[in-house]
Each structure stands twice: as C-alpha cells, then as structure tokens.
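Take a look at this single chain in structure tokens; it is the form predicted on its own.
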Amino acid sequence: MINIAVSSQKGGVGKTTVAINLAHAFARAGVRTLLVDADPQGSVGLSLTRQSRLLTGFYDYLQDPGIALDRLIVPTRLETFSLVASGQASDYEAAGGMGAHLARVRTFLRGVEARGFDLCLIDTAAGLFGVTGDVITSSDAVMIPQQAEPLGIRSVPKLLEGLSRLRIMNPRLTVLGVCLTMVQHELAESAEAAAALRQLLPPEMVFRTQIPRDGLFVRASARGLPVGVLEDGAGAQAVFDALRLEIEAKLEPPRGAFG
C-alpha cells in the first residue's frame, strides 16, 4: 500500500478539496483507496457525510488503538472508495507533541494495508507539527496544495524546509511537489503568483496540473459528493484525473504500478 499525506503550511488553500477529489480519481481508476480525515476540523467528513461527527474515526483510534479498524472504515457508493472520519475524539490532537502518536499512526496504517487497500490518502491538519508530523513521518509521499496568491507562495520555501527535516526521520519520504489551487486565470495576481512559484522551485517540484477556483466544488460539498459525480462535473473530474496520472508518474516503481 502507498500512503500519501496531503499537507499545507496554512489552512484555506483547498487541501480538503484536493484530497477528496484526488482520492475519488484514484478509486475511479480501480485503485482501492482509503481517504483518512486526519484534520481535527473534520472537513472531509463534513464534505462527504453529514453524520461524520457521530462516526468513530482516526483520532478515536489514536486515543484507543484497541478499537477495531473495521469500525472506522466507511464504504461509499463506489466499491473501491472508502473513508475514515476524524472521529469524536478530534480534540485529542492537542495531546502531546510530535512523536507522541507515531507508533499508533504506524499501527493504523499497517492495519489498513492488511485490509487490502492499495492507497491511503490522508488529509492532514495545516502545519508540520503534532499528528500531522507523525503522519508525514509514516508516509511514503507528501503533496502540497497551495493557493495561487502572492502571500501564500512566499511561505512555500519554509514548508519545504520543514519537510526536509522530516525526511531525516523518514528517508523514504517522496516530496511529490506543490499543486496550485484556486487558480483564477483571468486574475492577473493569480497568474503572477503561479508564475512566481514556477520561478521559485525546480520544474519537477510543481505539478503541471492546476486546480481552478470553481463554484462546482462548493456545490459538490453541499451535496456530499466528489465533484466528478455531479451532472456537469466531467471537466473538473478531468483535472483530478490528470493530477492522478502525474502522481503515478512521480512515484518510483514498483509503487507507481499500484499493483
């Protein structure tokens, strides 16, 4: 199984939108995918199921690893797509610093792999500390959504420095790169921010695929669906299919084969 963390320096960059729709894109391609909501705000669960706050989830498991994993995994209408909510104990995230949850995160991931998943995509809380740091330290790869606006772009080097430090603890970690989100091609500042990021980083560190700012994402979240399920969502789905193909190409064999 491949574990990919979706992480950002700050909130509000479209991280959860990327995680949900990328997981759906992999699942549509036949990859047995588990989307884990490791953000205490529970954004994945709130976007996909209104009962998410009532579900036992990831933070409940960190608090009590005796909970059976099968209680956490929620199937969806797509056979290859399941999710784990953040859970009712999401305030437990504040308990202990980085490293405090490492053993339990790794036990969780081993248990998920034993249940036959090909991919575990983990939506993390913003920042690189606490549980998020432990998730990244336990993952095979990390991708970084970043809003196409000038202030956010300037924070990217600091985030990459932090990931370099985490790679000391996890040498197998692949930094897949930065994915520009909320891109508005008609807005000069958005286009300039995207160009600035491409000048700032090596070409291989910036995904070619960009996620546009689109009201479809709001409508999909309101209906509890990935955007590709909407009647007029084919164009947005094609964006995430392209992002999926880029990620597969970046993952070295045999990981890229997904079995």
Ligand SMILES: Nc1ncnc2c1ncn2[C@@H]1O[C@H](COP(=O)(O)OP(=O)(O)OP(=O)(O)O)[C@@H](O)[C@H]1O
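The structure presented is a predicted model; accordingly, all values stated were derived computationally and were not measured. For every residue, the number given is its place in the sequence shown, counted from 1.
The form predicted together with the named molecule is left out here; the points below concern that form.
Using a 4.5 angstroms heavy atom cutoff to the named molecule in the predicted bound form, all of Gly11, Thr17 and Asp39 count as contacting. Proximity of Asp214 to the named molecule in the predicted bound form: non-hydrogen atoms within 4.5 Å are present. When the named molecule is considered in the predicted bound form, Val175 lies well away from it, no heavy atom lying within 4.5 Å. Interface membership of Ala196, defined by any non-hydrogen atom within 4.5 Å of the named molecule in the predicted bound form, is ruled out. The shortest heavy atom separation between Leu163 and the named molecule in the predicted bound form exceeds 4.5 Å.
Considering the named molecule in the predicted bound form, the lone stretch of 186 to 194, 206 to 214, 62 to 70, 25 to 33 in range is 206 to 214 [heavy atom distance within 4.5 Å].
Val218 is the sole member of Leu201, Val218, Leu54, Ala234 with a non-hydrogen atom lying within 4.5 angstroms of the named molecule in the predicted bound form. Listed residues Leu159, Val74, Ala141, Met182 were compared with the named molecule in the predicted bound form; Met182 is the one with a heavy atom within 4.5 Å. Contacts between stretch 104 to 132 and the named molecule, counted in the predicted bound form as any heavy atom lying within 4.5 Å, involve Ala126 alone.
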